[in-house]
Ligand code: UT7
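Encoded as structure tokens, the following chain is the form predicted on its own, with no partner shown.
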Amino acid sequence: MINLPTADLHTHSGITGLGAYRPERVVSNDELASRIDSSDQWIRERTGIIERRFATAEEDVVTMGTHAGLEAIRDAKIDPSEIDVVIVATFTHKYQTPSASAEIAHLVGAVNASAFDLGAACAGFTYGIGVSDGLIRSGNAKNILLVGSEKISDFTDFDDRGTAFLFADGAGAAVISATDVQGIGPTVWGADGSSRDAIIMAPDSIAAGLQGVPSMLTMQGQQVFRWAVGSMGEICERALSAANITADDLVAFVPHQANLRITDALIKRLHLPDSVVIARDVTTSGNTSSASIPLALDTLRKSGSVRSGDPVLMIGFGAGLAFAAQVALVP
């Protein structure tokens, strides 16, 4: 009988570095409104979005993710060769294979890392936190680079009145490492595949795909809104309970930056005290899917709204319908 070594289940994990990349091009509501018979005021009232960033033709998931990843590595004060795994959460990488993670691992200098992409759409970053926490606490990794990177402008129908103004581009990254104390609470997650069509990106036909016609993202806005408002509050409460804290213990709430109306509904459901800082990055960044939470957390930290060691509640939710939430300490 072979006795395999037991993984070190007492290892702790935490976020040790953050990075962000925002394209330079700022796109106002007015620029998009004319094609959908809308207005800046209508978009603001519906979503809270004032402007968003679009990447250039030369920028993509890999280039943006590399910028964010390098910043996170520098912030974590480690050498890229110390990274054991690179995970990229994305649904807009232009190749089905090879993975964006393999390219980013090469470009950041993570020469000793394994690499894979994670497909959980807007829940991708919080899914990645859960996966990273498990890999580290099982002893399979000491440092993981987690990147959320999206170029959704390539897959947006700018004549669709329901989605043309919502989505944007950008990348956020975190280094998750073995730490002296546990800095990531248990992840509460799940998915409902019966609602596949609520948010979906599928080619019109195989022929269109072969001809290079991009798939377009479509969404049943009211269905998604009702689901998020009706169900994600409970998931947040379960994540707080799993971390053995209450809303009064939080310093910040960082939900997926989908829509300020959803954020405000969750705040009301959770009875968050006025002292809790609320991430509202969507107003100037739009919905960047898997990149939205790390971008929003990076904004709060750089502004001084949160400090190292502060507990924050994060929740991602979107296509799948997938969701994941956890409490983590700010690096």
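Predicted model, so just to flag it, every value in this text is computed and none were measured. From 1 onward, residues are counted along the sequence shown.
From this point on, the text means the form predicted together with this ligand, which you will not see here.
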Quiz item: Taking heavy atoms only, is A258 within 4.5 angstroms of this ligand in the predicted bound form?
Solution: yes
Practice problem: Would you please decide whether R280 lies within 4.5 angstroms of this ligand in the predicted bound form, comparing each non-hydrogen atom pair? | Solution: no
Quiz item: Closest heavy atom of A171 to this ligand in the predicted bound form, within 4.5 Å or not?
Solution: no
Quiz item: Does T63 reach this ligand in the predicted bound form if we count a contact as any heavy atom within 4.5 Å?
Solution: no
Quiz item: Among S194, T246, S81, Q222, which has any heavy atom within 4.5 Å of this ligand in the predicted bound form?
Solution: Q222
Practice problem: Select from the listed residues T47, S285, T299, T263 the one whose heavy atoms reach within 4.5 Å of this ligand in the predicted bound form. | Solution: T47
Quiz prompt | Non-hydrogen atom within 4.5 angstroms of this ligand in the predicted bound form for each of W42, F165 and F317 | solution = yes
Quiz prompt | Residue stretch of 51-59, 65-73, 301-309, 33-41 approaching this ligand in the predicted bound form, non-hydrogen atom distance within 4.5 Å | solution = 33-41
